[in-house]
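Given as structure tokens, the chain that follows is alone and in the form predicted alone.
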């Protein structure tokens, strides 16, 4: 990753918007990148702290190879510090504080293939902080005929993101709120770079789905949620899948209650009113917002039960009833 060198051996990391300026042997805010003798190094290349085979729907990706398994990989560290993080045991830890396995890029690709996976997810923490590992693995995966999926907060600078998008097929981006104050106070970040990252992915033809975790009392303002939905329609398109996810007490927000079901339903209906055609609710059962329907004729296309596909009626990417082309990656 390109860096700017300063006086007295300092280095500025240009990977994410925080652009940490590091003195000799100092680590960045992510905890995994450091200045070694005036050169930026990563402590997590090929060091996986989590390897799993997941259903695609768990990412969640509902319009991308539905019903297929996806090989998932993560390393320690994150460049955000969300108070509600569900994976804080690995995202908020330094590499030396947790168990890691040697898993170089070719190992990931080989294991994805041997386990019958058609794609690889860079997930659980954030692939931004294990950028070089993600980049090299995704390149090898593309050569092997596999798809690549980012599960990310999208807190990354434009230049490295565009370079990575050359090998990325899909992404679920965690748009945490449509409120810069929330990003600053709850996530230790900012909103504008995430919105720009979404625009860049869209320009680079990455298939995008968005997740918005609704936290009671913090980002459940319906005016802001409506603004977010209208922005998605205007900038990314009205068929961009949006997943509203139910919060449960995690990490530093153990004092808050789970998101009420009626809050999620109201947000989902507002998203529909804003013009979004594919709106889902996660972490609780709401069948109306669990299945996929044809935006043209309303035919049930994909029936789901949590992470399981009960029925998939899409034929060659088309609605079997009206023949409308469906937004997604189906084969």
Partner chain sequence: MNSNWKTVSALLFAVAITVIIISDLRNLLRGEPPFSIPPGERLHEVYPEAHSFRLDKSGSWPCLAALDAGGNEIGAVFLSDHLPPTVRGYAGAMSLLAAFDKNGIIHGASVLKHSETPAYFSMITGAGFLKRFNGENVSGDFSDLDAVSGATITSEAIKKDLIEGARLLAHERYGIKSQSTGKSSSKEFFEIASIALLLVLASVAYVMRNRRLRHASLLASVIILGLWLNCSLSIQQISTLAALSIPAASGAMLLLLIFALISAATRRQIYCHMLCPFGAMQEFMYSLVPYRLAPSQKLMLWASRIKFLTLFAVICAFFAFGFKAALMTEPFGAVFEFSASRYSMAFAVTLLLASGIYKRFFCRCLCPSGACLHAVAKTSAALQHFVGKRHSVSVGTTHGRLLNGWRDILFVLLLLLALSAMAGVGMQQHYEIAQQEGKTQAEQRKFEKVNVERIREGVYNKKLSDIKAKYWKTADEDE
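Numbering follows the first chain given and starts at 1. Owing to the predicted nature of the structure, the values given are computational and were not obtained by experimental measurement.
Another form, the form predicted in complex with the partner chain, is not on view; read the next lines as being about it.
Engineer: Quick check: do 226, 242 and 315 each get a heavy atom within 4.5 Å of the partner chain in the predicted bound form?
Structural biologist: No, none of 226, 242 and 315 comes within 4.5 Å of the partner chain in the predicted bound form.
Engineer: Just give me the single entry in 203, 143, 185, 96 that has a non-hydrogen atom within 4.5 angstroms of the partner chain in the predicted bound form.
Structural biologist: Exactly one residue meets the criterion: 96.
Engineer: With the partner chain left out of view, choose which of 221, 111, 248, 252 has a non-hydrogen atom within 4.5 angstroms of it in the predicted bound form.
Structural biologist: Only one option qualifies, and that one is 111.
Engineer: When the partner chain is placed as it is in the predicted bound form, which of 128 to 136, 176 to 184, 231 to 239, 191 to 199 ends up with heavy atoms within 4.5 Å of it?
Structural biologist: Every other range fails; the passing one is 128 to 136.
Engineer: Is there a heavy atom of residue 293 no more than 4.5 Å from a heavy atom of the partner chain in the predicted bound form?
Structural biologist: No.
Engineer: How about residue 160 - does it come within 4.5 Å of the partner chain in the predicted bound form, if we only consider non-hydrogen atoms?
Structural biologist: Yes, residue 160 is a contact residue.
Engineer: Considering only heavy atoms, tell me if residue 267 and the partner chain come within 4.5 Å of each other in the predicted bound form.
Structural biologist: No, residue 267 stays farther than 4.5 Å from the partner chain in the predicted bound form.
Engineer: Verify the contact flag for residue 272: yes if a non-hydrogen atom of it lies within 4.5 Å of a non-hydrogen atom of the partner chain in the predicted bound form, no if not.
Structural biologist: No, residue 272 is distant from the partner.
Engineer: What residues of 10 to 47, in sequence order, lie within 4.5 Å of the partner chain in the predicted bound form by heavy atom?
Structural biologist: If the 4.5 Å heavy-atom criterion is applied to the partner chain in the predicted bound form, 10 to 47 yields 10, 11, 12, 13, 14, 15, 21, 33, 34, 38, 39, 40, 41, 42, 43, 44, 45, 47.
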